[in-house]
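Two forms, one chain: they're shown below as structure tokens, one block per form, named structure 1 and structure 2.
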Structure 1
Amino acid sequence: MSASGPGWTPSPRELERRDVRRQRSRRDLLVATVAAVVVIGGLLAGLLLSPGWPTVRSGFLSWHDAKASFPAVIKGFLKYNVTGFLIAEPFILLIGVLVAVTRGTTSATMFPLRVIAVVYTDVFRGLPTYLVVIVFGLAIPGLGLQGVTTNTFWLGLTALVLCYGAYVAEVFRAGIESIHPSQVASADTLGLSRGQAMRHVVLPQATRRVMPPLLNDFISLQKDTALLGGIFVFEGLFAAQDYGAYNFNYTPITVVGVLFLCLTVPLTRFTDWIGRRAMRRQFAGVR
């Protein structure tokens, strides 16, 4: 901008422009600061001066109860929420890709599998996840099947995998369908079979394209591990509620909320970064 070479002096008009710019940025800064102070200060004052604030503070933000409940809450959180999410994730991806690819096939022999894939996505995407979790955790053990676990953690995790598999399958399908047909045509010209074209040409591009929505679903999954509490898996949120119900204090809910944020916020930032990077690559140089 200011390429001030030797012997060059800004014209009076340029000086005037700079002056105006400086004034404007000073004014913007001032307005932004005042606005921030007024809005955030107003919200804080509204909170802190509300008639019930002391009760809410002792009910939701008691340091004593936070400390007392922390061991149980963190134990449940690590043992079930974090572990559950890490175990479920690879299976969800696998199911998602398989179902999406199956739905994209055209051969007649694949017809039964296509029907199964469609019914699967319709059913598991259409049911509330909590309902599926409850049915898996309570109805399946009731059947008394030999060799099927009655452990509600594994049963509930299976329910989560099936529900999220259906969501992720649709995400992948959207990605696959977004790849231009010319890509498949080119692969065909190169002598690749349909399967090879899918594996080497379509899927890699589709996966890159659906990264942000995929990560979005993963963040959602992290939070939904709390649904396992409904089938008496003593995960973080349930542990927090249990302490709360016994001691009549909601602070552990705040504690587990902070734990969830510690897990999800970094992943959210990572999602943003992936999205921006994909953008940069796809539209290299174009602004």
Structure 2
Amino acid sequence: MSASGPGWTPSPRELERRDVRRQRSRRDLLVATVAAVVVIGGLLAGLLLSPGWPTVRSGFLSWHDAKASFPAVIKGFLKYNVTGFLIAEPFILLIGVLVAVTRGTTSATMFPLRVIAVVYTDVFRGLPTYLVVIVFGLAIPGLGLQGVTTNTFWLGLTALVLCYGAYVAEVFRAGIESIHPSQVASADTLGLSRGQAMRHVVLPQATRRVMPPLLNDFISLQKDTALLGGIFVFEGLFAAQDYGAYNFNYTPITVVGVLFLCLTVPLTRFTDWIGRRAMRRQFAGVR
């Protein structure tokens, strides 16, 4: 008979267990609420009662300056930060997959490409992203190369693509190497070539396994689009700094911080959800 069937009634012991669980839940909720109020209240009290709070409030939380600077900040944020992120992401994925697959090859004819892939990964992972952005944005236009753009936005975006492509390549490589060799052997048995096995068997599984770290990299990329301000691109943060330099008020920095949070927090929660779903699928039936 089912425990939830119409003819079933819980035993006194089961009723006692339920009562204990309810009491424990109420107690945990009360403790969590009190702890949150004490910690958050203490932090707020420490902030609001600090000697310099009035100065900080007028310098970073001015409603008048927030409204005055918002048009320029949101324009730079949407035009360069969000657009740059959306443009860069597919190219980063493409570079990451190509480099990871190249490093996983064993053919002797692919040796030069493997060397290039290793050098590329080592160099662009080893250099600070800001340094690469500065070099691309300021040094390359100075070369006067024919056919190469001098637009600092595109040059800075290229630097971000190359830096993040190296990180993502390593993420993909870890995913590819996590696939058991029997999967490739099974594909060989079915008559698939190495390329077809990689495309239809290995890469789909590897991509699912590395989805959470991939999304983390893209959250980081969203924040690092602010580095374009170092080569005088009027993205959101640079526009906020420009307003602050002219008006001696840094409230626009708070505004652009809120805009970044509006993008990154939902992406972070989505990444957490993807990770939990992958965990549930991996350990399905274990409990």
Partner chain sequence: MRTPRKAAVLAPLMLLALGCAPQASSTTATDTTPTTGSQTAAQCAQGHTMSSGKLTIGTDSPAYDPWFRHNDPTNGQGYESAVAYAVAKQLGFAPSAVTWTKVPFNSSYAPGPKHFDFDINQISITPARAKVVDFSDGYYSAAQAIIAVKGSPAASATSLADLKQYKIGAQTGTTSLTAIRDQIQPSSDAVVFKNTNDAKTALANGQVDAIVADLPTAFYLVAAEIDHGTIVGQFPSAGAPEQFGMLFAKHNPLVPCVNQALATLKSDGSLAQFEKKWLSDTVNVPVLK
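FYI, numbering is relative to structure 1, first residue = 1. Rigid core: the largest C-alpha set superposing within 1.5 Å between the two forms. All values derive from a computational prediction rather than experimental measurement.
The form predicted alone is structure 2, not structure 1. Note on Val20: its Cα is shifted 4.2 Å between structures 1 and 2, core used for superposition.
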